[in-house]
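Just one chain is shown here, as structure tokens, and it is the form predicted alone.
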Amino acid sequence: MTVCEAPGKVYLFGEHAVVYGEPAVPAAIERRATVTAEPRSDDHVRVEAEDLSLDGFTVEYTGGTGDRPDVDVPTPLVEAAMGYVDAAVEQARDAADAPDAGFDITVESDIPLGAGLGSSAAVVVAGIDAATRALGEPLDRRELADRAYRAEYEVQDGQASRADTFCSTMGGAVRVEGDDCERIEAPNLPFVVGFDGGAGDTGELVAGVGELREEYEFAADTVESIGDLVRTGEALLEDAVPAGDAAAGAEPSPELLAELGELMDFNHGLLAALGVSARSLDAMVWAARDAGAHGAKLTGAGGGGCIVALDASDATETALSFTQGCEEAFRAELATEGVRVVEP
């Protein structure tokens, strides 16, 4: 039995634009998905999902993972959950040159599903890592991140970026631009997350931005503006914590927080102009700002889900907890370690 866990993430800057080759800076947070993988003597795959629905579910199927099991939970939930698990299993089989390997898999997660916090990426990263290790073929982190990206790319019909899976694999803050992915130094930013209890349709939202870019030149310019904003934010982080500096992970200065927060506010406005915000997200963003947050924006695909704010005090978390439409508010520490093995 092998147990691995991988963190979720928030986007400091750059979601949606990253799909079109612009840079993005996501940061891993200490909310994790845990996957347990145990090889079987046959080619069956049995998946027990503890936290992927209200009551959880267990399914078992044979060989080809295209067969959808008959279980008593909503079909879209099964397809979404099993799609990522299927893809992770296939990547592990391919990496280990074990096409008929079977597994008993258990998935647990404290990352809200579909909320923009990288739940699917964390499940895929932890799943591939656990399954390949269980087969005696552990992967180095670069290959693991690449295979996890390929799994998400397949499930999301070619609309995935490398940002979520690379961040979940490596931990900390990362910079992603096309196929170029690197970890960058960042101070211990005081993230506060607000969750509206819902989830946007990532594929639909990404497609909508694509249609706007094709129809309107100013929409394409907006996507490029997000890329320029990301570069400005990255430069601020580099100046605050030079590469290899012993101060990495230190508390950020008020000046840095103010500048990053202003860029986050701009980023949210640009994303809203592209049609990917929602009334609940806007309400949480403004509640955070009114409470004194340095900045706040949606994180992830949008349409519902989560916002992220910068505030070292308790004011934003408290304000969000009293904001209509906010189901949960919590502080999210930077996860400096990415995917890792856990003792069973």
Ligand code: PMV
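Note that the structure is a prediction, hence the values are computed from the model and not measured. Start at 1 and count along the sequence shown; that's the residue number.
Although not depicted, the form predicted in complex with the named molecule is the subject of the following passage.
J.: Name the stretch, out of 299-307, 313-321, 29-37, 286-294, where some heavy atom lies within 4.5 Å of the named molecule in the model of the complex.
T.: Of the options given, it is 299-307.
J.: Using heavy atoms and a 4.5 Å limit, would one call residue 19 a contact residue for the named molecule in the model of the complex?
T.: Contact check for residue 19: yes, within 4.5 Å of the named molecule in the model of the complex.
J.: At 4.5 Å between heavy atoms, is residue 11 in contact with the named molecule in the model of the complex?
T.: Contact with the named molecule, yes.
J.: Residue 129: heavy atom within 4.5 Å of the named molecule in the model of the complex?
T.: Judged by the heavy-atom cut-off of 4.5 Å, residue 129 is well away from the named molecule in the model of the complex.
J.: Is there any non-hydrogen atom of residue 206 lying within 4.5 Å of the named molecule in the model of the complex?
T.: Close contact exists here: in the model of the complex, residue 206 approaches the named molecule to within 4.5 Å, heavy atoms only.
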